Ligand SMILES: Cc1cc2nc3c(=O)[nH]c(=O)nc-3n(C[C@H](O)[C@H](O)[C@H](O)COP(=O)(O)O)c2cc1C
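Okay, here we've got a single chain as structure tokens, the form predicted on its own, with questions on binding and movement later.
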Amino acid sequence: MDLFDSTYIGNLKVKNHFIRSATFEGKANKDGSPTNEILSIYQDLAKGGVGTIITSYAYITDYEQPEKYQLGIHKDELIDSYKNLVDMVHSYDTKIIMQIAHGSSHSQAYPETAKILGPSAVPHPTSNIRPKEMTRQEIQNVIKSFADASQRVKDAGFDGVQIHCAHWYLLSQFISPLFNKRTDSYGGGTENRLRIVMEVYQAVREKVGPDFPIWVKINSTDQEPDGLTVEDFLQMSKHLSKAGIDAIEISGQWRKFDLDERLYYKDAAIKLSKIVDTPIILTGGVRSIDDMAKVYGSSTVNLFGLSRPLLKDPAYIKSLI
């Protein structure tokens, strides 16, 4: 078996081991629905041979939106707008997963009208936005928003949903000691900081049923003093794996790397592969087939998320054959 062979990610059969990792396009309609430009981008990717596409992150509430012209899945009226996109991708025997996110203080398209929530009232180091510390009721409301959005993803025909817990958006702020200063059951040790993510997963699972794929994209480290450590990430991922998550995509604060570096999170991925059976997607600095083959040949990590090579050439996967 090689990287071009079909495989399973949980119960989802995919035609190869290559995944287009979520990449923001900024080309959606103002209401969050996909435009013809979005369809064209995804058609080029599907034609180009990638086995699975993860959409750019879609916002899940009507009170905050991380970017202008971002995909949205925050209301039922959007469900039908995605069906042509999904059908088109499926016509190329390619699978498509929707990534869903709550933005918080990382970025806001309309900060003057947004309700900006966070685990604690800690200013974001890049945006300098200070969120409102969430009440327990607001936490429950966000959990419900993730579950409701996931039902819409399923109803639109997607092959699965990916929960965004990376890049210092809301859920990754909860798992990070840099942002989470809470003293209740959602703050403190690793299990408490992970609690909202576990509750999101459980609420989504209850909503979409036992067989619909639920993936997570999660930071493996904050790469900052007193931040999330790889050991924290490994313990959290073990809990997610035990709970039944279908795939774990490993990420981190990629801005800390030189763009010429490769396989940013390889070591974390290999460490995780030794302690869980859950499929692992290695993303970040994936630049060449030789790099992927080396990881594949020396570990059980066999799924690879790509962005930059596919931005340069949507048919990159076909060019490798």
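All residue numbers are counted from 1 along the displayed sequence. As the structure is a computational prediction, the values presented were derived from the model and not from experiment.
From this point on, the text means the form predicted in complex with the ligand, which you will not see here.
Decide yes or no: are K15, Y92 and S319 jointly within 4.5 Å of the ligand in the predicted complex, with each residue judged by its heavy atoms?
Heavy-atom distance to the ligand in the predicted complex: none of the three under 4.5 Å.
Looking at 139-147, 159-167, 77-85, 190-198, which one sits within 4.5 Å of the ligand in the predicted complex if you count heavy atoms only?
Correct option: 159-167.
Here the chain is shown alone; which of S172, S237, S220, Q99 has a heavy atom within 4.5 Å of the ligand in the predicted complex?
Checking each option against the ligand in the predicted complex, the one that comes within 4.5 Å is Q99.
In the predicted complex, the residue from G284, P34, G51, P279 that sits within 4.5 Å of the ligand by heavy atoms
Result of the distance check: G284.
Proximity of A22 to the ligand in the predicted complex, heavy atoms at 4.5 Å:
Taking the distances in the predicted complex, the answer for A22 is yes, it comes within 4.5 Å of the ligand.
Given that the ligand is not shown alongside this chain, does Y264 nevertheless sit within 4.5 Å of it in the predicted complex, heavy atom to heavy atom?
Answer yes; at least one heavy atom of Y264 falls within 4.5 Å of the ligand in the predicted complex.
Classify P309 as contacting or not contacting the ligand in the predicted complex by the rule of any non-hydrogen atom within 4.5 angstroms, answering yes or no.
Yes, P309 sits close enough to the ligand in the predicted complex that at least one of its heavy atoms falls within 4.5 Å.
When the contact criterion is heavy atoms within 4.5 Å, does Q65 count as touching the ligand in the predicted complex?
Q65 lies outside the contact set for the ligand.
Can you tell me which residues in 55-74 come within 4.5 angstroms of the ligand in the predicted complex, by heavy atoms?
Counting only heavy atoms within 4.5 Å of the ligand in the predicted complex, the contacting residues of 55-74 are S56, Y57.
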